[in-house]
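Shown here is one chain on its own, the form predicted on its own, set out as structure tokens.
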């Protein structure tokens, strides 16, 4: 588990990736977004973020990844700017981002980076806001950002920004497959179409939450209703996703699917040996695979040295 290292003038923190165990799209909202139900889960794959105080005003982002913007289109930059402006903080801040989470892969990397910046600035400048009061900033940045103030296994409602931690937390090995093919979340949602109307019969996530979570039958009811639109947006991935899913299931995955709006896929494993075999098999097939584990709510809190609700 990555740990936060505190220094007088800078702070280094992890920004964990997430997977979506299931997504239900209930309809279109008047605000232009979609009404969702989803199950979020943080995993050990993470970016590293170092924040350093600067005497000069402004926010500077440094990152070697070629697909990462350095201006205010980057959520981490906007998070720092908004919070520093709100708090009237003197000077500026430099953000050094080490990117490991696939970009535009449905794993929430940009949202997690933004949430980590909010919490790190709260600590670095001793604002004592905590996740509860940072929530308003997070919601303005994006629908997934509030979840990353919480972590663990959680139910997401509304746009996905109404987040509720579950008493039962998922503990499993995770294999993530990076397809190397960014997919635009906005484009995927546009493909859902304006014809969507609110529906009342999306109960699979609620059924799963009340189940035992102990066998494949429990996970089999979960679906990602964004996957079809994602593969219509990126039709070149359709056969690849099916191939990856077959490999993961064949190696004993309890559940395998696409995360978020894609394109990254993942498999959940109870046994570490099975997860290792899945990594070996997917890499042999030519895919980039990462093996990790779920990060529970308690593990997330311990990493940040925060008590929930502070």
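Residue numbers count along the first chain shown, from 1. Note that the coordinates shown come from a computational prediction; the quantities given were computed from them, not determined experimentally.
The same protein has a further form, the form predicted in complex with a small molecule, not shown here; the description that follows concerns it.
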Students should find that, of 110, 142, 152, 105, the residue having a non-hydrogen atom no more than 4.5 angstroms from the small molecule in the predicted complex is 142
Residue (of 36, 51, 275, 256) lying close to the small molecule in the predicted complex, criterion heavy atoms within 4.5 Å: 36
Verify the flagged residues 165, 296 and 300 against the small molecule in the predicted complex: is each one within 4.5 Å by a non-hydrogen atom? no
Out of the stretches listed (128 to 136, 180 to 188, 80 to 88, 96 to 104), which one is close to the small molecule in the predicted complex, meaning heavy atoms within 4.5 Å? 180 to 188
Using 4.5 Å between non-hydrogen atoms, is residue 159 touching the small molecule in the predicted complex? yes
With the cut-off set at 4.5 Å between non-hydrogen atoms, does residue 32 touch the small molecule in the predicted complex? yes
